[in-house]
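Given next, in structure tokens, is a single chain: the form predicted on its own.
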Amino acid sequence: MAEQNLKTLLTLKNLNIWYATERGESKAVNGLDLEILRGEIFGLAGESGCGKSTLITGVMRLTKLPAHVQSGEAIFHASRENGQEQVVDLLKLDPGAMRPYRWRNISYIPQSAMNVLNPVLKVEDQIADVIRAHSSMSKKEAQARIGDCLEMVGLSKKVALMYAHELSGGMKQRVTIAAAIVLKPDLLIADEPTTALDVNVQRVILQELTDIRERLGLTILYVTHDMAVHAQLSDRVGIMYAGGIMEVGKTSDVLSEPLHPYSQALVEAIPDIGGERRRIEGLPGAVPSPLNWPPGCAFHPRCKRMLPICQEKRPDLRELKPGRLVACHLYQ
């Protein structure tokens, strides 16, 4: 990540995304703060049920009832064609005003991305739909751009004339990535895009994402619970639990010296095939229900280092040292 790219691209402030249910509000994202820098690959980690996917759909303004953005800010620094930067709060835009930012500034690779392709349309037609909807590019320019993007993800230009059923799982995934980068967005959000792939294909696609970041200069928000993937791909990582951020730092620092007890438990659960043999112990318990997060620090019922204050007061996310943020009373 080049030094000149260390500028803020997206800032989330006190973000709350809730689901209205008969039993009350399910607070999937609960007072979350996060900053993503331009040009980096930022990894978002945490167990299933921590609110990662809800966070993404909220930023993209794709939440549907009963989900709703209760409060907060999502300050985005969008690039314009004239080279200037436009600062906008994504959460204050109505659907019509949000539309121009999708795909041109923020694109999305959803979970189960291999299943998003239309079976009755050729690959070229599907990606061309994106271009027509979000740009004024001519048909000839669009065809050339589609071919270039397919080659960028390791596919032949001939794939543009194929249907989804003619593609392998890895090829479908690459086509989905090609569609997401076709308009060269500022931010590419990838939600567990390689979960259904074997490890060899996964490794290749992760390398291709790194190459795409370098060639296009875009920012990637990569979401997965797999800490080994973050070790390979991410520049920085944020650890999410119970709708909030527990720790943020350089991926190498978080993996080598995790600060939050939850981060420590995640790192300890990573198998080490080359080191000393040891027993891997899973984190006891489960993520609590967002209908009733525990008072104080939401992690305290599972924490081995709990203090009395942990049951009473929610810790703030504070910068412990340059680049390292942690929300834990052990350090406050």
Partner chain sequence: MFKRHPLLKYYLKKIVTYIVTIWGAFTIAFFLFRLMPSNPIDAWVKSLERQYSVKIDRGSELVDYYKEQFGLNGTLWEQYVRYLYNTFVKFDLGPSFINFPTPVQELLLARLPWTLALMGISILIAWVLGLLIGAAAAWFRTSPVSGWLTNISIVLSQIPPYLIAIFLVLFLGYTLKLFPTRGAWDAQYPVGLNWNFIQSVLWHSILPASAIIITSLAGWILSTRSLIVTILGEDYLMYAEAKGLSPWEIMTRYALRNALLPQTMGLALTMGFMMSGQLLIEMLFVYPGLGELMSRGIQVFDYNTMMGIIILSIFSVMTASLIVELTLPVIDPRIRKEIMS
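Just so you know, these numbers come straight off a predicted model, no measurement behind them. Numbering follows the first chain given and starts at 1. By rigid core we mean the largest C-alpha set that fits within 1.5 Å across both forms.
The following text describes the form predicted in complex with the partner chain, which does not appear among the structures shown.
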{"item": "Proximity to the partner chain in the model of the complex, single hit among Arg102, Arg213, Lys184, Arg145 (heavy atom within 4.5 Å)", "value": "Arg102"}
{"item": "Listed residue (Gln232, Asn118, Ser252, Ser71) with a non-hydrogen atom within 4.5 angstroms of the partner chain in the model of the complex", "value": "Asn118"}
{"item": "Candidate spot Glu47, Gln264 and Gln311, all three touching the partner chain in the model of the complex (heavy atom, 4.5 Å)", "value": "no"}
{"item": "Candidate stretches 163 to 171, 84 to 92, 238 to 246, 252 to 260 - the one whose heavy atoms come within 4.5 Å of the partner chain in the model of the complex", "value": "163 to 171"}
{"item": "In the model of the complex, Val130 touching the partner chain (heavy atom, 4.5 Å)", "value": "yes"}
{"item": "Distance check, Lys304 to the partner chain in the model of the complex, heavy atom within 4.5 Å", "value": "no"}
{"item": "Partner contact for Glu151 in the model of the complex: the partner chain, 4.5 angstroms, heavy atom", "value": "no"}
{"item": "Proximity of Glu208 to the partner chain in the model of the complex, heavy atoms at 4.5 Å", "value": "no"}
{"item": "Ser252: Cα shift of 2 Å or greater between this form and the one not shown (core-aligned)", "value": "no"}
{"item": "Shift of Pro119 between this form and the one not shown at or above 2 Å (CA, core fit)", "value": "yes"}
